[in-house]
Each structure stands twice: as structure tokens, then as C-alpha cells.
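What follows is a single chain, given as C-alpha cells, in the form predicted alone.
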Amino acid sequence: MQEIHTPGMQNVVLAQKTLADYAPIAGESVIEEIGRLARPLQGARVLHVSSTAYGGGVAEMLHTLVPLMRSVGLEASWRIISGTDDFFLTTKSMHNALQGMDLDLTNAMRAAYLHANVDNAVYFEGDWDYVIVHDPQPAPLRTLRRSDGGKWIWRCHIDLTAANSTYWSFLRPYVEAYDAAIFTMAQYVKQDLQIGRVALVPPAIDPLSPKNAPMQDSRAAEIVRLYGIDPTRPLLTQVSRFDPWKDPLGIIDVYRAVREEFPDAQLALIGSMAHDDPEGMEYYQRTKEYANGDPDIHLLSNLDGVGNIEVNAFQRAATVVLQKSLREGFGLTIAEGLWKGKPVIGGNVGGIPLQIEDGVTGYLVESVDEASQRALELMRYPEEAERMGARGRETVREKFLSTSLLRNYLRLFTDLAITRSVERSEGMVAS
């Protein structure tokens, strides 16, 4: 299928991936099941639509999921929407409000949001069997393209449990225009949402990506040393956007508490600056000010040359991996840390308890004090920490690899294809 370039939406160039390469990790039975699910869907035209091609978990997953869909015989593509600064400022507010912030939704914000979506809808081209629209940014596309065929799916990656009612009331009619919606957990599904089908699909990591592929400890030590880290000293690491929901200031407080017992401890806060997150740089500056010039607090991002390989190294070199989120749709960095055999300390919110079994593969915490105590426990008892990490790696292998994500999408496509066949049959009977 020929890629179509449009002024409003851009096609994402993707690397090639082969499903068979994942067999040694995921298991032959999983690969065989995916093959069975994919056979009736050969040639199906699938389009993913999102707001950015880099930065954050959504883009990361799509860089693997779309090539794997192609590998099993689907004609899959991925496009990103365009928008003004006002649009992305509005969608960042929308993201925060849908996760619980008390924010105003002004008429100017509504106009910026809808104007950008109209622009993207005008240039939307192609004939698709399945269109998956990710998160609130492009949600109105289905309403604006009602005459298009195929099955349309809205994929929500955020935690809606405490959603601001004004923002949700604004967004909900656009979501209800879809044939189905995907959520990470049942708790995220709003009770007033009227939609044909809801699927529960947790996110996943790519075990063969540069961020998660095997790496020797010596190589990891060599890489972190380039960024001023002493690999022979304890290291606390959190990998997240610089965002208030990720609580980087709280992580600095944890580090300071840990230093009272382990004075040579270091902290690495690693984030990615994405073009759809205008708040990121501002919160980076706040975090830098809070660090107060401490030479053992390292704030790093893609702007410092920290990419997927470097993140891999920092997670492997870490003594303790943290994700002390205050709100979290899922938190792929938790699965990443567990996959490296590290017990992870995570906030007891959102999708984090799906991944961490408290006291078994890591710890779930409610406060800075609790996170500090759990970090100290892992540092005092490294052998137990290693056992917890090994259990965590197996949890990820069973539940949170890209092969599981592909399998879940194929199941949903199959269900929607059956629904479409029933609708066609009923239409023929009626006529």
C-alpha cells in the first residue's frame, strides 16, 4: 500500500521488524497464536493516528506495534497530526485536566482544539479498514470524518478516574462517535460513556528495542560514566517526562532522605522533551532549581544526547529504579525497569499496580517517606532486591511485551470484523 503524504498529517517512517525474532523471548506458543489471529486479517488496511512520533510511551509503542502489524500481513501505517502552539498548549491542559487537575476550559481553547482537528480532518486521506486514534489530541477526527468507512477505535492511554467533568463532558461526544474504545484498566472507563465496545489492553515494551535489548554491565557502566555518574556508587534513577504528575521534586526529596544513610548516593532524573509537551521545559527548570546545584543530582534528556541506549544503561546501572507518579495511565518505565531485573518503587496509582506486585517485584508507595524507606530497604539488602528483580522480569515476559500488545489488537480487529459481518448480513435481510 502506497504511503500518502498530506499537508495536515505526516506519515511516520518506520524500521522493519519481524515477528519471528521475538520467539526466543515471548515463546513459540505466543507467536503461533498471533499467526492464527492474523491469517483472516491478511491485507487489512490499518492506520494509527497520534500527536507525536517521539517522546512518551505512545510513540514508543507504535514504533514497534506498526512494523509488527506489517510483519504479520496487515497494511499498517502511522500518521501524526499537525497543530499550532495554542493547540498543543490546550491539549496539554486537557491531558492534565483529564487526570484530575482543576483547570478552566476557555472558548479560545475549544476553538484552538477544534480548528486544528478540522485542518487535520480536511487532509485525512486513504481508505482504511481500521483507524486507531490515540488519546484526546485527535479525538474529533471520527466526528469530522463520519462518512468514512471502516471501524474506528479510540485508544485512551491516560487515567480518567478523576477526570475534570468540564473537560470530559467536552470530549465525550467525540469519543462516542467511535465503534470501540481501548483503555488500560476497567477503572479508567467512565460510567457515562456510551460506545459499542470497550477493550482492556495494557501497554507493552519492545524487548528487542535499543532501550530494552541485552547490555553488558560493563557497557552500562561505561555509558553512565560519560554523564558524570560514578558506577561504583549507589544510583537512584527515574525515567519520565519532566511533568508534575511524575513528581520529580518528590524524587529529589527521596534522594536527600537516602543520602542520610548512604551519603555517596547519586540521582539521575531522565526525561524526553516532546513537541506536544510545551510544559516540559518549564518543569525541567523548576526541577533544576529544586536540585539547588547538587553535583550528584543529574537532570538529563534527549537534549543532552540521552536516547534509548543511554536509558537502557541508566536503568541497568541503577541500584534503585523509581516511578513515584502521582497520576499514571500505565508507566512503561516500570516494565522497562522490571525487564532489566530491577525491583521498582512506584506510586500506588493508575496502572502502576498492574505491573508491581507489592513486596514481590517491587514496592507500591503513597508518600515520599514511604518511598525513601523502601529505597533504603533495597539498598540494605541487595540479594533480596536481586530476587525481586528476577520475579519482575518474568512478570513482564508473561504480560507486558509487544507480542502481547499485538495479540490484543488482533483479537479486537477480529471481534470488530465479526460485528461488521453481522451488520452487513442484517442489512441484506432488511433490504
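Remember, predicted model here, so these are calculated numbers, not experimental data. Note that residue numbering follows the sequence shown and begins at 1.
Not pictured, yet referred to below: the form predicted together with a small molecule.
- Within 4.5 Å of any heavy atom of the small molecule in the predicted complex lies no heavy atom of residue 71.
- Although the partner is absent here, residue 206 sits far enough away that none of its heavy atoms falls within 4.5 Å of the small molecule in the predicted complex.
- A residue is said to contact a partner when one of its heavy atoms sits within 4.5 Å of a partner heavy atom; residue 349 fails this definition for the small molecule in the predicted complex, lying far away.
- Put simply, residue 211 is close to the small molecule in the predicted complex: some heavy atom of it is within 4.5 Å.
- You can rule out all but one of 226-234, 333-341, 251-259, 183-191: in the predicted complex, only 333-341 has residues with a heavy atom within 4.5 Å of the small molecule.
- Site annotation in the predicted complex: the residue of 356, 267, 313, 239 reaching within 4.5 Å of the small molecule with a heavy atom is 239.
- This chain is drawn without the small molecule; in the predicted complex, the residue among 82, 308, 143, 161 with a heavy atom within 4.5 Å of it is 308.
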